[in-house]
Structure formats: structure tokens, C-alpha cells
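Form predicted on its own, single chain, as C-alpha cells, below.
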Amino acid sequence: MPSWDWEKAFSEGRTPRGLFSRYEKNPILTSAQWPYPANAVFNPGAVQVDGKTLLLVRVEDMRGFSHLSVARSTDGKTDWQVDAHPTLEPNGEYREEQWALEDPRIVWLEEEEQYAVTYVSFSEGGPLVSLATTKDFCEFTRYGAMVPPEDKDACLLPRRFGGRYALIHRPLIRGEAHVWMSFSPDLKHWGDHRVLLHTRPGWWDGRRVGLGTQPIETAEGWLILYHGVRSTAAGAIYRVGLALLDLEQPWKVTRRSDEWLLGPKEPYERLGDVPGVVFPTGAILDRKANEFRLYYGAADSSVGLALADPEELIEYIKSCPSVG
């Protein structure tokens, strides 16, 4: 497939931001569909399990605290079956989970043959990243905190590199919020920390950046969707960008989009508990259907779905400026 054809895209009324199309029945999940009282449902991790799409959804209760709950769909779009009870709740044995569990990302760890769920634990000292593993999304093994606060937006890569696990995460340091990568031999002790993606002052992602969905492996490299934040007189705007990491050396960013590809536009993205937010946390690359499904939190209130052609995504990011 040739590189991104700008002239053709503009003639069709599309721009790079038009790579994604919103699902016509958005939002696909709201608190009204929950089998127990909930204020909001948003920011789901996504994975394919037994031929179905499984979303591990952040659910905020009527106290303002969050837990995680499973919703399943055969086509990843409709007829969602929500578990009758919370799937993963704060556990008193882990003090970092004092107030909430938030924003999961999910990968299949090839070597361990189980799913790894990284999520934000809201502790007395602030938000930090925790890890749990599971084979069936019924029973979980908690590893506890991976890194100290304040840290969010984390996901493991599904395999090791040079014998080490790689973690993408977003610490807040001196008010700066860049995307980092760290490494571990055992999923417990982390080091060799390095910045992966910087903010770009003055740009749409100038205030903060953070990992969006789990890294998606392609022949061209690891596809990374990330959120970027811009401060305005009316508040912060959360939009979605794209980057590509080297396949064997994922600490090397090879491409990064100049423009955002998806931003708050529809009423359910502009109005909610946190207005002006499109926050991706899960994606499914359905090669059989030739479809890329992006699941995102809309205004911290509901779950939205955006669709893209996988080949167009790859060709677009290959046309973006090289990094380094």
C-alpha cells in the first residue's frame, strides 16, 4: 500500500484526524447499563478472550471511588453482557488500594501464559501503578505497587527484551508529565528509567502526555496511541496521538504524529464529569475483520468506540516525521 495520500484524503473530505470514525451507536456503555448503582463507567482495558471482546471497565460508584468490572461482547460493539458484581475491587491487604482502582490496561504475557493487568491504585500518597495477573478474569494474583507515586497510564509490553520486562508509564516529576519506559528482571524491581515521549510545549500535547491503549505489535513496530493534554482558558482538552516504537528496541521512538487523530467533538465527549476528554485505554486489532477498534473514556462518564482501517493507520504513521 502506498504512503498516505494527502491529496486524496483532502479530496474525500478526510484528514489524518479522519482515520478514525466514531461508532454510530456511541456511547457503547453507560452507567444505565450497569446491574448495580454507578455514577460513571469509562476508561476500559480491552482484550480478546475466547472469541469475544472483553472490556475491563473503570466503574465509579456513588461515593466517588472506582473499581473494575468486566463487560463482554461477541462483536465488540453491541449486546454487552456486564458482570453482575465488581470484578476487581480495592483490597485492604494492599494499602496503596485505599481509595480506588482506575484505568486498566491489559496484555497477554506470552512467557507466563496469563494476562497482565496494570492499573492505577489511588493511595494516601497519591496515584501509583499496580499489577495483577489472571488467566480467566475471575481470579487474580496481585503483585502490588510497581513504582512509587505519582504515576499513571501504565502498561507492560507482552514479552521480554534482553531478558527484561518493559513498562511504559507516566510519572509526574516537578510538574512535568512525560511518558517513560522502565525495565525489570522480575516484575518487582524496576530501573534503567528513561523518557520515551516528551510533551511538546505550545502543541496540542504540550501540557501532559500519557500512554493510551496497550502497545499493539505490528510488522512495522509497536503502535502506540497516547493522550495529549492542552491547557485552555476553558480547561484542559484531552486528545489522541500516534507513535511507533522499534520492534526489538521499544525504547526507541521511530515515528510520531504531528496532529491529533481524535479529540472531543460529540456531546458525550464534551459534556460529562470531566468535559472535553477523549481518553483511550484499550484497543483490539481484529485482523480477520481488517478492523482496528479503539475503546476510550468519554468525558469521564461513558465508553466510546472508534474504528479504523489497520493498514491506513500503519501507512499514516509511516508518513509521519521520524524521531531521533
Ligand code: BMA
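A residue's number is simply how far along the shown sequence it sits, counting from 1. Computed from a predicted model, the values in this text were never measured in an experiment.
Just so it is clear, the following notes concern the form predicted in complex with the ligand, a form of the same protein that is not shown.
Asks: Heavy atom to heavy atom, is Glu96 within 4.5 Å of the ligand in the predicted bound form?
Replies: It does not: once the ligand is placed as it appears in the predicted bound form, Glu96 has no heavy atom within 4.5 Å of it.
Asks: Please run the contact check for Asp309 against the ligand in the predicted bound form: heavy atoms, 4.5 angstroms, yes or no?
Replies: Output for Asp309 is no: heavy atoms all beyond 4.5 Å of the ligand.
Asks: With the cut-off set at 4.5 Å between non-hydrogen atoms, does Arg239 touch the ligand in the predicted bound form?
Replies: Heavy-atom contact with the ligand at 4.5 Å: absent for Arg239.
Asks: How about Glu315: is it within 4.5 Å of the ligand in the predicted bound form, going by heavy atoms?
Replies: Glu315: no, not in contact with the ligand in the predicted bound form.
Asks: Can you work out which of Val70, Val274, Leu285, Val49 has a heavy atom no more than 4.5 Å from the ligand in the predicted bound form?
Replies: Flagged contact: Val274.
Asks: Go through 31 to 39, 258 to 266, 274 to 282, 287 to 295 and give me the stretch that gets within 4.5 Å of the ligand in the predicted bound form, heavy atoms only.
Replies: Correct option: 274 to 282.
Asks: For the stretch 146 to 175, I need every residue with any heavy atom inside 4.5 Å of the ligand in the predicted bound form, listed N to C.
Replies: Just Lys152.
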